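What follows is one chain in structure tokens, specifically the form predicted on its own.
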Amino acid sequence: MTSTATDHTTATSADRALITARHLINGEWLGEADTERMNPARPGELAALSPSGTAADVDAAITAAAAAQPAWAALPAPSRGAILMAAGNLLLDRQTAIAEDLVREEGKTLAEAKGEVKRASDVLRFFGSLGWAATGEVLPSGLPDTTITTRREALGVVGLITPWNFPIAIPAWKSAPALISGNAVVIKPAELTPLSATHLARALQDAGLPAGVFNVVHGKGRVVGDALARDPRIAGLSFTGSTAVGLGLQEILNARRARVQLEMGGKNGVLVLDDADPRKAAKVVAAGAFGLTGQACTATSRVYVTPGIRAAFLEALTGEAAAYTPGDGMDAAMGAVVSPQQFEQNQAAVRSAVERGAVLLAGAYDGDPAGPLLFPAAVLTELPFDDAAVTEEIFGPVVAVLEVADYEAGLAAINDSRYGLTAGICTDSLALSTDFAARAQAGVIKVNRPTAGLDLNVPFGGVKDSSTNTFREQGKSALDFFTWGKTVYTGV
């Protein structure tokens, strides 16, 4: 195992409380930080330090979790819930400091970061409250003097692999249902955002979570993630990230018949019909496409418009795009792109589309990846339906707008995708919006609302290559993945 380091908080000239993330294994902060994370909006400014985890670190974390899990599961659910609720309160108390760290390491705006910390706090408190909720059922029996009940049991030790784009909210919404159900957790946060997961771990620890119940191992996915997936003591693994990586993990977990939950890519479409208000529709699309710098699996990336509204909608959307001015997330309307690699991917996507004949109505693609990673909101049009900018996930503030003849053609275009995470429609027609909700092939449907964003109490997940389409995240449905069912007959 890497060496012990107890000074897991390091002061800086800016009086930041935390800059060095470490592994959390069996209640101890471990590992020498050897990886630098720079602020994407301020070249040369150190945002975080973190260790490079090894298979031995993963083994130690799983060993600690396996030892701690039985006692944690035996603790009454209301007591488990009280710890989660206390941790949620601590996150809220520390909201500004955590959000500022999140801005520095991920790049989003301070308002978005504060909202994300609030979301993580709400998630912990929501699932904490479920410690008092009834579980199981009492069912009638065909036998005399017999009662049938059902129970939900914890899986045991679960692994979580989380992405950089919601670096505290997603760890929270995976961890909270796992913990309230009586599981112990080993989480591998994204390499680009180690501090956000550390803030979550500190809140749980400070709230009184027993040592070993929640463990954090930083490092590369091909090392830490692979070790998690292959360890037979991991009863289930929940992953959010790219489709290619997720499907590879699924093969590993399926081979040993372990449970796996995947939330992966998206290429989310919105259909704008002639009866919609073009300005309102443009605001809906812009919020979904350019909010969070377009770095969300639920972001709007393709729009289909009918002929009567096309010109007015494009004019309004171009105006909206201009309002999303990128800059330092501490005071900008739109934050920085997370990394030089993502910045170059955004540029290449737009440049190649223009080279193939697309018209760029807003945005640019000539920025310097060595400078501040500020990518302006881009609107592309005059594209064929099978163009890569229309079919492949970009993960940036880029939206393609195409014309369709009518509602049926638009619905068919929405469904003509390997992904099926979210889909939206802008219309004043109750009949068409109802039909769209029934026929659109996506796990989440939005009517006159941005495709990005979801309430914490509702199920979340997709179809096709966006998800395993088995167990949903968030809301009470999230408990299903982290538990298994048992039926009990009791005679008198």
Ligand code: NAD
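In case it trips you up, residue 1 is the first one in the sequence shown, and so on. What you see is a predicted model, and the numbers here were worked out from it, not measured in a lab.
The same protein also exists as the form predicted in complex with this ligand; that form is not shown, yet it is the one meant from here on.
Checklist entry - Out of 335, 88, 189, 410, which one falls within 4.5 Å of this ligand in the model of the complex, going by heavy atoms? => result So the residue touching this ligand in the model of the complex, by this definition, is 189.
Checklist entry - Which one of 328, 122, 387, 393 is close to this ligand in the model of the complex, taking close to mean a heavy atom within 4.5 Å? => result Of the candidates 328, 122, 387, 393, 393 is the one lying within 4.5 Å of this ligand in the model of the complex.
Next on the checklist: Based on heavy atom distances of 4.5 Å or less, which listed stretch (273-281, 362-370, 393-401, 319-327) is in contact with this ligand in the model of the complex?
Outcome noted: It is the stretch 393-401.
Next on the checklist: Under a 4.5 Å heavy atom criterion, is residue 266 part of the interface with this ligand in the model of the complex?
Outcome noted: Looking in the model of the complex, residue contacts with this ligand include residue 266, since a heavy atom lies within 4.5 Å.
Checklist entry - Closest heavy atom of residue 313 to this ligand in the model of the complex, within 4.5 Å or not? => result Contact with this ligand, no.
Checklist entry - Counting only non-hydrogen atoms and a 4.5 angstroms cut-off, does residue 239 reach this ligand in the model of the complex? => result Because a heavy atom of residue 239 falls inside 4.5 Å of this ligand in the model of the complex, the answer is yes.
Next on the checklist: How about residue 226 - does it come within 4.5 Å of this ligand in the model of the complex, if we only consider non-hydrogen atoms?
Outcome noted: Residue 226 belongs to the contact set for this ligand.
Item to check | All of 161, 222 and 421 within 4.5 Å of this ligand in the model of the complex, heavy atom check | outcome: Result yes, every residue of the spot touches this ligand.
Checklist entry - If we check this ligand in the model of the complex, which of the residues in 345-367 reach within 4.5 angstroms of it by a non-hydrogen atom? => result Sequence-ordered list is empty.
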